[in-house]
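Taking the form predicted alone, here's one chain by itself in structure tokens.
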Amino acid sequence: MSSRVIIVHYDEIAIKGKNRPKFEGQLVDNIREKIKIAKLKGEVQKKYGRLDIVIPELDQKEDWIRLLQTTFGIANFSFAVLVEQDLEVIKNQCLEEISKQEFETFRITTQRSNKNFPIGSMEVSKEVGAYVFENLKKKVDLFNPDTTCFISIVDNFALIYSEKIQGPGGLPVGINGKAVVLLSGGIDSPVAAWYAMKRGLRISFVHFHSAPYTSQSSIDKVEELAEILRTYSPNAKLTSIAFGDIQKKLKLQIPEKYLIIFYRRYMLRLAEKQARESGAKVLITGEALGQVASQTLENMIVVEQAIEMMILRPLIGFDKKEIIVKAKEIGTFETSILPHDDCCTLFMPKSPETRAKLADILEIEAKIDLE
């Protein structure tokens, strides 16, 4: 009697040497957490070089695809049928599996990790290929087939599947610690958050708004963006910080051309405080070098000097088109382009400084009551 198994493969995790079990364990934990949240039924089993998720039925296939395609650390996965290690059973199951597709050429690929199985991999592929040809009259193409049926002879059973679905790759969320993302309502910062998660960071968000001086729209947008990103990292916390009063006071105390620089220095200080309280080690921003006036090399250096914590900028070398492509791919773009009042546009200077000098900033800041 056959049963259903989702085979999960990873690639980067496999080269982690002695640390590999730690990475595998984090991936297992993440999948189990997402299964629980999605209210799906599946048992995750750790195997050598792969994970198996035993599922009772296939009627929730699309839900499983969404779950696994948004789980970092997964290279690809397949919906397989588990059958007994009997060549005739394997032949019939391969024929059934491959008959579901439209194709003219095919290939059978066999892997045999259970060396006690009496027939070698090449012979299994040859026997099964001949059986499929006899029944369907389709041609074998070993180099560029329209479809491939995979046979994995493992443990005391065989797994049959014909489709590999791409996962997002990367490393399991949480394996590299915690980070706080400065999340605006724009296009860039959600994409930066996505790349941070892909490298194994467990993130939380901090958003600066200017309510009641601006509308509720930016807060609503960011809450929606955070919810989209939680698809990849469930339970990521969002903290919204009212920034309008700080902006008003800065407006009265510093030269107008430096306003953006001082806004950002104060934001970083507050974000750093939030990060330390949550146990995060780094801040993440969506800055891309030279994209706007505040993101020149000189200004980023001056702004960064306000805090001690490391700032990671995943998009530093991206151009806007590349960021937009990724935003569309991960599902944040349509929300990001909705109109809203950005806190940095409140009290915006007409001609912002693009080449600020640290000595000038520190001299002005020495006269301000930071607390």
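Predicted, not measured: the structure shown is a model, and the values here were computed from it. One rule holds for the numbers: they count along the sequence shown, beginning at 1.
Separately, the form predicted in complex with adenosine-5'-triphosphate exists; it is not shown, and the next lines address it.
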property	result
Stretch in contact, per heavy atom within 4.5 angstroms of adenosine-5'-triphosphate in the predicted bound form, of 73-81, 113-121, 289-297, 91-99	289-297
The single option of S184, T147, Q274, S204 touching adenosine-5'-triphosphate in the predicted bound form, heavy atom within 4.5 Å	S184
Answer option from K320, K46, K41, R32, heavy atom within 4.5 Å of adenosine-5'-triphosphate in the predicted bound form	K320
Exercise: A236 in contact with adenosine-5'-triphosphate in the predicted bound form, heavy atom 4.5 Å	no
Partner contact for M267 in the predicted bound form: adenosine-5'-triphosphate, 4.5 angstroms, heavy atom	yes
Close approach of F208 to adenosine-5'-triphosphate in the predicted bound form, 4.5 Å, heavy atom	yes
T285 within 4.5 Å of adenosine-5'-triphosphate in the predicted bound form, heavy atoms	yes
